[in-house]
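Below you will find one chain, with nothing else, as structure tokens; this is the form predicted on its own, and questions on how it binds or moves follow later.
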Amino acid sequence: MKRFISGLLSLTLLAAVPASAITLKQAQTQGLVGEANSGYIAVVNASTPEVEKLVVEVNNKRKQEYASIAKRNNIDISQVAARAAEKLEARLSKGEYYQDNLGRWKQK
């Protein structure tokens, strides 16, 4: 019986993780994060631990990808990030946030 309850608790915790995790698209649509002019995402308004975690995860993945592209093309990672910022801003949906060249948040 103890094993069953323990297994059930584990299943409940596993099932709860995806429901509580927020996706990048959800955070962008809700205006919680936006595309910064650095090629990374950033918090636009009030933050929560969940949003902060998302920002760190997404930016770490982007940094790895930018570094890989920079290495393949023998260019600086900042060049890759700057180009990515332009492309990511262009892909945003209406109402989502991006940061202009002066660092101000604007809605597309």
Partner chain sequence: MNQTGIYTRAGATFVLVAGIFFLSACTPTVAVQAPSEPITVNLNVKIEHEIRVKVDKELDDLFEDKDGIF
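Numbering follows the first chain given and starts at 1. Remember, it's a predicted structure, so these values are computed and weren't measured experimentally.
Another form exists, predicted together with the partner chain; not displayed. Remarks below refer to it.
The closest heavy atom approach of Arg83 to the partner chain in the model of the complex falls within 4.5 Å.
Although the partner is absent here, Val58 lies within 4.5 Å of the partner chain in the model of the complex, judged by heavy atoms. Residue contact with the partner chain in the model of the complex: Glu65 places a heavy atom within 4.5 Å of it.
Put simply, Asn73 is close to the partner chain in the model of the complex: some heavy atom of it is within 4.5 Å.
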